[in-house]
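What follows is a single chain, given as structure tokens, in the form predicted alone.
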Amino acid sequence: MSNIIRSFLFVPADSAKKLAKAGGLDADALILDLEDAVLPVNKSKARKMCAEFLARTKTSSQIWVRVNPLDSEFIDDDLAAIVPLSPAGIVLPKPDGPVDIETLSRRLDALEAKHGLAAGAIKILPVATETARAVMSLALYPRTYLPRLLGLSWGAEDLATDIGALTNKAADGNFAFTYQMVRSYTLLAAKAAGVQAVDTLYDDFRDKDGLRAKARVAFGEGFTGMFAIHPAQIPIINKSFTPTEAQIRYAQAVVQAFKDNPDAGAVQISGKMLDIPHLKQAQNVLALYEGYGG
């Protein structure tokens, strides 16, 4: 697995102040937001500022753009403005399912050809759970050929609105059961499709300990990255989604033990018997580390 993105930072595309700071941050990816962070009256302004950022900014971060939904009045102008400047990818909000990824892919095919860009260069990351219909379509992603699909992400705010819920939180402050289920389903769909699983944002950017705990749990469960809404969240997310030195050393020891015993179906390390699933888990850890540039 290569080119794994741990941190995606949302940046309102109509905020000159936030755009000016974004290029110097350590986020693996910036998401210039043309959708929810921008009022309808400011869409044109945001689109222009987004294009200028893409054209002029030199940064080590990948630059992605969250466009408006495919059925919105803004999508044609969004794509016309940003595709010629070849962003790394597009975050697609409120898709119904893989059919919308296919539709967007065809539009990108035509625009890439028109502007002399490499075919398939622009990837797609859908926020794949913002409606009940979208949640019911998650199982279709692994069954659909989507070469531009980088990963699957999920969100709880729009889903709560779509199903008429008064809140998406339980009494203890954590996500209610429905949203925990949707989160797990997104993780499984991403893994079945062979793409990255991106966890949703942690909305209290001042609570660093809470974010760290959530991010570490997500990494342990199999998520490879997370959305961020504030620059202060970036280093916490990047570190939390990177294997620790101890995890790397242990994984290397497991792999080496099987190399030293090529005919064995199980090996012993520190008094514990490990079999082939443990070997594959260790290989996954090392693949993650290499994918993050380790």
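One-based numbering along the sequence shown. If you're wondering where the values come from, they're calculated on a predicted model, not measured in any experiment.
Beyond what is shown, the protein has a form predicted together with a small molecule; the following relates to that form.
Which is the contacting stretch out of 223 to 231, 247 to 255, 41 to 49, 264 to 272, given heavy atoms within 4.5 Å of the small molecule in the predicted bound form? Careful reading of the contacts points to 223 to 231.
Can any non-hydrogen atom of residue 133 be found within 4.5 angstroms of the small molecule in the predicted bound form? Heavy-atom contact with the small molecule at 4.5 Å: absent for residue 133.
Looking in the predicted bound form, any heavy atom of residue 70 within 4.5 Å of the small molecule? Output for residue 70 is no: heavy atoms all beyond 4.5 Å of the small molecule.
Spell out, yes or no, whether the shortest heavy atom distance between residue 278 and the small molecule in the predicted bound form is within 4.5 Å. Taking the distances in the predicted bound form, the answer for residue 278 is no, it never comes within 4.5 Å of the small molecule.
Please determine whether residue 175 contacts the small molecule in the predicted bound form, using a 4.5 Å cut-off between heavy atoms. No, residue 175 stays farther than 4.5 Å from the small molecule in the predicted bound form.
Tell me, out of 90, 189, 156, 201, which residue has a non-hydrogen atom within 4.5 angstroms of the small molecule in the predicted bound form. When the small molecule is considered in the predicted bound form, the option within 4.5 Å is 201.
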